[in-house]
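For reference, the chain that follows is the form predicted alone, supplied as structure tokens.
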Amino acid sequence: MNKFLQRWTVFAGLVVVWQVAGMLAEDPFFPPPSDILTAAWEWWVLEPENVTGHILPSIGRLLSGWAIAAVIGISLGLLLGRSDRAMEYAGPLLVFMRSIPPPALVPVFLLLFRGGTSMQLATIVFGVIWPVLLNTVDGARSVDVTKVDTSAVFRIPRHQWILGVVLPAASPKIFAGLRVSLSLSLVLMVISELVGTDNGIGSQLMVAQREFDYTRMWAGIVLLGVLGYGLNTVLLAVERRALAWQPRSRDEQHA
């Protein structure tokens, strides 16, 4: 609880410093938080059509792309992680594919899918699948030898072995990959909405920038920060519940 109060005290102090600095500078590119909150209130609360027309579609794309990448990454990672030969053949391809910056493929996806939600989902899935996949492979390869030998002695069926032994053992690293991929999903959601669509938070940031409405642009940036913080908090709560069987360090218990 003390750490919680300390964190928010530091955050409040930084906001106050920002407010004072913004008021003193009177710079249109650096508005104070009070102006940003006013713009956010007018944009997202007084005009509710912006919520249904821009915020909710963006969140839907973000979560859909992240969920698709999670399912593919975990499934493929479990298979590759327990097969040395498959990983030997697939390893170079995975390294090559993950080295391609996802924004560089936006024009390719734009040509393939003609813009719209399909292009945006493809961009998000391609960019965020790698942390999940590689962390799952690493977790699946690190299953305790005793568990492997015990399962072999009792002749546990393959599907029960994967779901009952490998998946729980790899869960901590899988969740680590999911956290990283969730942050990347937010970034790629914005990038994918900068072209080929006229709705979404990313497109509205571009509109505000073109109209030199920098206060509204900052309101969109703050909204992205709030979304990222909220989604990460929810995922951490799910992770703690799912991994409650694991011993936790003293720092994690007081977090």
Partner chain sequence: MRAFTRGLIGIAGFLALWELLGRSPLIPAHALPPPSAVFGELVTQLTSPEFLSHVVATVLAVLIAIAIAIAIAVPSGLVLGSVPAVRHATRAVIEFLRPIPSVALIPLALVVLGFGPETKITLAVYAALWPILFNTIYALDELDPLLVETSRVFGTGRVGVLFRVALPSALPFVLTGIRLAATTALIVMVSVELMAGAQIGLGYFIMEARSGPGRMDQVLVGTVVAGVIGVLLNNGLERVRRRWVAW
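Residue numbers count along the first chain shown, from 1. Keep in mind the model is a prediction, meaning the values are calculated, not measured.
This next part talks about the form predicted in complex with the partner chain, which is not shown.
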With the partner chain left out of view, choose which of Ile55, Ala40, Leu205, Ala70 has a non-hydrogen atom within 4.5 angstroms of it in the predicted complex. Leu205
Under a 4.5 Å heavy atom criterion, is Val10 part of the interface with the partner chain in the predicted complex? yes
Going by a heavy atom distance of 4.5 Å, is Leu14 a contact of the partner chain in the predicted complex? yes
So in the predicted complex, does any heavy atom of Phe30 sit within 4.5 Å of the partner chain? yes
May I ask you to state whether Gly116 is within 4.5 Å of the partner chain in the predicted complex, using heavy atom distances? no
Among Pro102, Leu111 and Tyr214, does every residue place a heavy atom within 4.5 Å of the partner chain in the predicted complex? yes
Suppose contact means any heavy atom within 4.5 Å; which members of 66-101 contact the partner chain in the predicted complex? Arg85, Glu88, Tyr89, Pro92, Leu93, Val95, Phe96, Met97, Arg98, Ser99, Ile100, Pro101
